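Taking the form predicted alone, here's one chain by itself in structure tokens.
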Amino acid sequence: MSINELNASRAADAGQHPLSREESATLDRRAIDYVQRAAATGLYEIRGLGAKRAVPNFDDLVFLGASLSRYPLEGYREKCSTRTLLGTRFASKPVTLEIPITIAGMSFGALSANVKEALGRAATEMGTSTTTGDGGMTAEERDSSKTLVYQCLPSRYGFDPDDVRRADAIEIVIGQGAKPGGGGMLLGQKVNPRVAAMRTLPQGVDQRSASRHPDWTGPDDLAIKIRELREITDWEKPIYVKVGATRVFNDVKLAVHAGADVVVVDGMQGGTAATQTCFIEHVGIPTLAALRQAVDALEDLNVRGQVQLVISGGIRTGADVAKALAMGADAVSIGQGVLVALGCNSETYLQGDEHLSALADYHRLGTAPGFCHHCHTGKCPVGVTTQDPLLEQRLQPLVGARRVRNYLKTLNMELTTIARACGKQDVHHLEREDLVALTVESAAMARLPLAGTTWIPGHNEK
């Protein structure tokens, strides 16, 4: 029995008209709650993490494994390379990674110093890179990270040319997937004395970053800034340009014309420490569509392979990584998945009294493990997205590093397992021909054939 039939039956039993308990599809309980909250407060909602709405994603694609027409590799006898080079276009010292899975930029401020150290340790053990995020470089992160990407954001909080030289690559952030066209946000409860000093801000006051860089208004100015960064690093460091997924085809082209070595495209499923819910849910396009448009742009300019592409936004599993590489990415970047590996939204991560305290803290936030998106409050029950000196001790660097290392190791094993099953000796040999789509929407967005057919919606129709 459907919910409407059940409601009608209950209404009939109570002597009511059947429609008296029918919920509106447009003004449902969630919409009513939004309207009532807005009417009561005059404020929009701010939260962390990423979009909660369902959009076409990598789960809507499947691989065509090898059988007779192609031969698989023997999993325990034949090697499958994962080595990845980023920044080969102009940089004299491109970044060399052991795996094509990197850790996305998440700031000190959004995350605790213990977390930044844990991420650096895990990335180093796995032979990959981590990224600073807004607010500058911490000693914990630089000391623990063999390969560290230094972000240059519109805020320029904590920006230091000496730290640029100490980095292994520079990432110019134009926008991110959770809030393309919007600036960063760090609420006052997370601006402790150290964060305030690094960002030259008053302690305990909300920080809202600019939505665009102060010293350029277009791609010509971006080209100038890239040349400046190359000059102060002696043309050694690769320059990444990161964009939120909106007008991806044109944005990627402009980044390439401006001189980027690497383009990072962040889909709408990407997370954030804090922003307006209306941004998270209603601005940007899904990672699946963004990736296809980015590859189209590189191919249109004939620079595919010369300019590397990193995709982010909702990457969770080794299968996601494999599908991203098959569609044309050179590497992926993961943020939310890494936080979950650290214990975010976990009910079992902590033990004993700390476990009970964490559950009580979830309750005080009005949520529960699996549903928490309160990164912006600074009251993270497991000590990940906090600056509280007591809460942050719930995440010890060595423990966090072990968990993230295990997560990245698992993703890489899944990636190579799929690559071997498709007959590939290198994960970068995965190709679009290895994929098909399960839904019309995903087939159209990814420009892949619908499974069991040769039909690509909107592409090969007469």
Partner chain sequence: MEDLRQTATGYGLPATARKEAIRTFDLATHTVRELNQFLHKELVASGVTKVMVSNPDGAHSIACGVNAPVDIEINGHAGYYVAGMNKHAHVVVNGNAGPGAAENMMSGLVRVRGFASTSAGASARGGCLIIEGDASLRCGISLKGADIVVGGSVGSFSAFMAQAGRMVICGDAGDALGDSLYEAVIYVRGEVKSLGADARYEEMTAADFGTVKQLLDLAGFDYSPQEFRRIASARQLYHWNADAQQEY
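Residue numbers count along the first chain shown, from 1. Keep in mind it's a predicted model, so treat the numbers as computed, not measured.
Only in words, not in the display: the form predicted in complex with its partner chain, which the text now covers.
Stretch-level contact check against its partner chain in the model of the complex with heavy atoms at 4.5 Å: of 382-390, 293-301, 151-159, 244-252, the positive one is 151-159. Using a 4.5 Å heavy atom cutoff, none of K424, V440 and G452 lies near its partner chain in the model of the complex. A heavy atom within 4.5 Å of its partner chain in the model of the complex is found for exactly one of D143, D215, E78, E354: D215. Exactly one listed residue, out of E236, E98, E347, E281, brings a non-hydrogen atom to within 4.5 Å of its partner chain in the model of the complex: E236. Put simply, Y44 is close to its partner chain in the model of the complex: some heavy atom of it is within 4.5 Å. Although the partner is absent here, L201 sits close enough that one of its heavy atoms falls within 4.5 Å of its partner chain in the model of the complex. Although the partner is absent from this view, E74 stays clear of its partner chain in the model of the complex, with no non-hydrogen atom inside 4.5 angstroms. In the model of the complex, R83 stays away from its partner chain, with no heavy atom inside 4.5 Å. Although its partner chain is not shown here, in the model of the complex the stretch 224-252 places heavy atoms of I224, K225, R227, E228, L229, E231, I232, D234, W235, E236 within 4.5 Å of it, in sequence order.
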